[in-house]
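There is one chain below, alone, in structure tokens, taken in the form predicted alone.
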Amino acid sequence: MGISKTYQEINERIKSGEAVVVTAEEIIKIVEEKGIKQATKEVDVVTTATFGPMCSSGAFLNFGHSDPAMRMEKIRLNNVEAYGGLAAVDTYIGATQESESEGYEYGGAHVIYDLIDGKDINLTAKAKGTDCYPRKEINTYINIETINEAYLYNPRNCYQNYAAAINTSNKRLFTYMGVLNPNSSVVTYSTSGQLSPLLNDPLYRTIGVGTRIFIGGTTGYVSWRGTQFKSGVTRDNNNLPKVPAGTLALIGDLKAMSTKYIKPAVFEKYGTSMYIGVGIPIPVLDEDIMRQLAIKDEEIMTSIFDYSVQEGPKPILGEVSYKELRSGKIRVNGKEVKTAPLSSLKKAREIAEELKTWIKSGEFLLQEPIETFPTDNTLNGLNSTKKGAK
């Protein structure tokens, strides 16, 4: 009979200071030395982490009421448009929204970063005015201390695997995968590989709605499956997809976050994005989970997509392991090509270690998901040519 543990048992060990907690990189060596069964018996929690650009991110803010009161409609924060359709003084600012004066050099990600950093933010808003909200204009300053609520809510983070990008055309491309030089001269990629959360729990056994996580330097939660969640994909013998698959919707208290783990980013001639640090603990419930946790970069494959093709599916030019990508060069169609990461493995390691410390100290308990994610989900595409087509 195989080894079996429960969340309750593991949390009791965390509370008593007896829990054995290691990172997803450390567990690889432990399994190599002791085997799956013994590692499962000895280790209680494995921490995973990632730090990379996550464009589908943003923050909900509540400014508090002015006197006289106002239902804000056209809202700008440091001249970056925020959504005004939430009534009264609530708004959502997206990380990729660009400044109306500075373009993509300053955007929503910078506003969020500046808020966390304690800076004053210029708030301007206009409205038509109503009997209950008579004010029509405001021009003032806010900061993280003066606003009522500020929480990060990210609809799509932590991709389960992601495509590598190449450009076979003869012109330079400016993309969310960075600058892709022409003639297949570079391959870019974005993942922490064997440290990445959803690559360590590919079938979503422990990561689901309600999972407690590290986000931006504080405690947060998985609030739902992420947008563009696509679990019904072809997987290898290790249950890993070779293309973008699952994603997570995440939430956390912006007021408790740190600029160490939230960073704005500017992608040349493409736009603004935001680097977000996320760490997710995985409880070692049984040997099957341990087998997934022991996965190595050389066993995790991704597909190389040609980003020069703008209509129809992007051609796949081959498959490559993350160990090969991290080596700095690979071969594509017989040509040696340099590789460049967009995500930071160094920061991911820092996050995995910090989360490990939180758990070992007893200040971070594991939360069993209150709802698990589907494993057969597919995606629809947008038909832009036929009216009303499904």
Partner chain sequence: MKQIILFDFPREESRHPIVNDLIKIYDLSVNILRASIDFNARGFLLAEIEGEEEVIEKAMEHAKKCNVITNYVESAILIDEEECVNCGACTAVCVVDALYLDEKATLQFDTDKCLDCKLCVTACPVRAIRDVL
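This one's a predicted model, so the numbers in the text were calculated from it and none came from an experiment. Positions refer to the first chain, counted from 1.
Omitted here: the form predicted together with the partner chain. The next part is about that form.
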Among 32-40, 355-363, 60-68, 337-345, which stretch sits within 4.5 Å of the partner chain in the predicted complex, heavy atoms only?
337-345
With the partner left out here, check for me: in the predicted complex, does some heavy atom of N181 sit within 4.5 Å of the partner chain?
yes
Given that the partner chain is not shown alongside this chain, does K263 nevertheless sit within 4.5 Å of it in the predicted complex, heavy atom to heavy atom?
yes
The partner chain contact in the predicted complex: E105, any heavy atom under 4.5 Å
yes
Find out whether any non-hydrogen atom of I116 is located within 4.5 angstroms of the partner chain in the predicted complex, and reply yes or no.
no
Quick one: in the predicted complex, does every one of R172, E268 and Y275 get a heavy atom within 4.5 Å of the partner chain?
yes
Within 4.5 Å of the partner chain in the predicted complex, heavy atoms considered, which of T188, T96, S308, S99?
T188
Only counting heavy atoms and a 4.5 Å limit, does any residue of 43-60 reach the partner chain in the predicted complex, and if so which ones?
F51
